[in-house]
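Presented below, as C-alpha cells, is a lone chain in the form predicted alone.
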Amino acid sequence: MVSCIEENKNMVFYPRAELASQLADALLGKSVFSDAHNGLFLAAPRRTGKTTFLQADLKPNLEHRGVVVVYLDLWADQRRDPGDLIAEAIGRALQPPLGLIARTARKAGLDKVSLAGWLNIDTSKIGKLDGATLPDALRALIEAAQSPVALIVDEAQHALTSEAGETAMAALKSARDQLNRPGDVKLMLIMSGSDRDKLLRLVNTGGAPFYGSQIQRMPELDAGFIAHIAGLVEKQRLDLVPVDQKLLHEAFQKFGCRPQFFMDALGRSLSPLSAISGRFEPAVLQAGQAQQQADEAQMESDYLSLNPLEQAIVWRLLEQGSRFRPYDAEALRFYHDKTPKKANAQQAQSALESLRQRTPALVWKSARGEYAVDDAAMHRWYERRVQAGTWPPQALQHELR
C-alpha cells in the first residue's frame, strides 16, 4: 500500500497559529512596539510556504476576529495590469454587502442609495469602481460590512511594473491614512513578496508609496515543521520510529526550505516502489543535494549562455542589489573592466532589454526604471560562489571550441 505521505504529500498542512496570532495582533494595533498597523511587508523566497501561511493561517485568524479579508495574488494573471487586479478584487469584495443594500433599495423603489450619507451607489453597477477612488471603495466596504478590512496583496512587488499599479499602491496608502486613527485600525494592508530587493521599492525612497515602513523577513519553516512531518511518518510506519529529524532538517535546507520539493522527495523515498533498503532519510538528503546542484547548474548555464556585456550586467546586479544603477559612470567602468569592449549606456540599455525578454526573464524592471534579477535565488547562488572563491563561473574549455 502506498504510504500516507505519498498519497497526501500535497495536502499536508502545518499550522502556524502562533505566528498568525502575533501578526494579527500587530495589524490590529495591539502590539506596542510594532508598526504593522501602518502596513505589514513580508518577504520570503518563492515556494517556501508564504502563500499557504497567508491563506490558511493569517486570513482565518483575522476573519475569526471579525475582519473582512480581501486576498489577491498579483502573479495569478501576469498579463493583466496589477492596478486593475487590485481594483477588481476590492470591487468583488464590495458585491455581497452592497448587493444586500441594492436589493433593499430596489424593493423601496429607489434607483440609487446613499451609503452612510456620503457615497451614492448606482445599484446597476454594484462592485464596479467606475470613477470611485480606491479609498472611497474601501470606505464603502468597511461601512457596509460594519467591520475592519484587511487587504492581502501577494507578490506585491509586481504592482511596480506598471504606472496603474504604482498609482493603486499610492491610493492604498492614502486610504490607510484616511481610514485609520490611533487606537482604531479600520484598514490593514499586508504586502508580501518573493524578492526582498523588489519589495524594498515600496518603502525605501522618498517617492515610494509606503516610504518609511520596514520589510520583514517571514520566518522559514523550521524544526517544528520537520517534527510535524516526522510525527506523520512515525504514525504510519512504526518500523521507522524514531525518524532522524536532524537528517531530514538538513535535507529540507538543501531543498531551499521549499516544502513542495521536500515532500515530493519524502513521498518517493517512502513509496514501496522506491526499492530503498534500510533507512529512508539518507535518500531524502541525497535528493536535496541533487536538487541544489541542479538549481545551481541551471543558473550557471543561464549565466554562461549570455554574451559578455549581459554577464557583466547580471554580475553588477547581483553585487549591487537595490543600489544598482545601470548607466552611471561607475557601472560603465565595471562593464568595461569585465568585457573585451568598452560599452556605452545605449548598449547597456539594449543588453538589459534582452535580459528582460528572455524566457524565463533574467531581469525585472519597475515602472520607474529600477532593475533587479528576476529570481532572488540567484543572490544566494552568487553569495555561495563568492564565499567559495568560484565566482565568476567559467565555461569549460571544450565548450569554448
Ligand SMILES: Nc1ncnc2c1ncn2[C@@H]1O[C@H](COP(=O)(O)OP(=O)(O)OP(=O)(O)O)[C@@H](O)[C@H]1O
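The first residue of the shown sequence is 1; numbering continues from there. This one's a predicted model, so the numbers in the text were calculated from it and none came from an experiment.
Keep in mind that the form predicted together with this ligand is not shown, yet the notes after this line are about it.
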Applying a 4.5 Å heavy atom distance criterion, does W391 contact this ligand in the predicted bound form? no
Contact between F225 and this ligand in the predicted bound form at 4.5 Å, heavy atoms? yes
Heavy atom of G39 within 4.5 Å of this ligand in the predicted bound form: no
Find out whether any non-hydrogen atom of P259 is located within 4.5 angstroms of this ligand in the predicted bound form, and reply yes or no. yes
Counting only non-hydrogen atoms, the one stretch of 217 to 225, 321 to 329, 297 to 305, 135 to 143 within 4.5 angstroms of this ligand in the predicted bound form is 217 to 225
Pick from R65, H336, R356, R47: which residue has any heavy atom within 4.5 angstroms of this ligand in the predicted bound form? R47
From the list Q347, S31, S366, T52, which entry has a heavy atom within 4.5 Å of this ligand in the predicted bound form? T52
Hey, which residues along 143 to 163 are within 4.5 angstroms of this ligand in the predicted bound form, non-hydrogen atoms only? E155
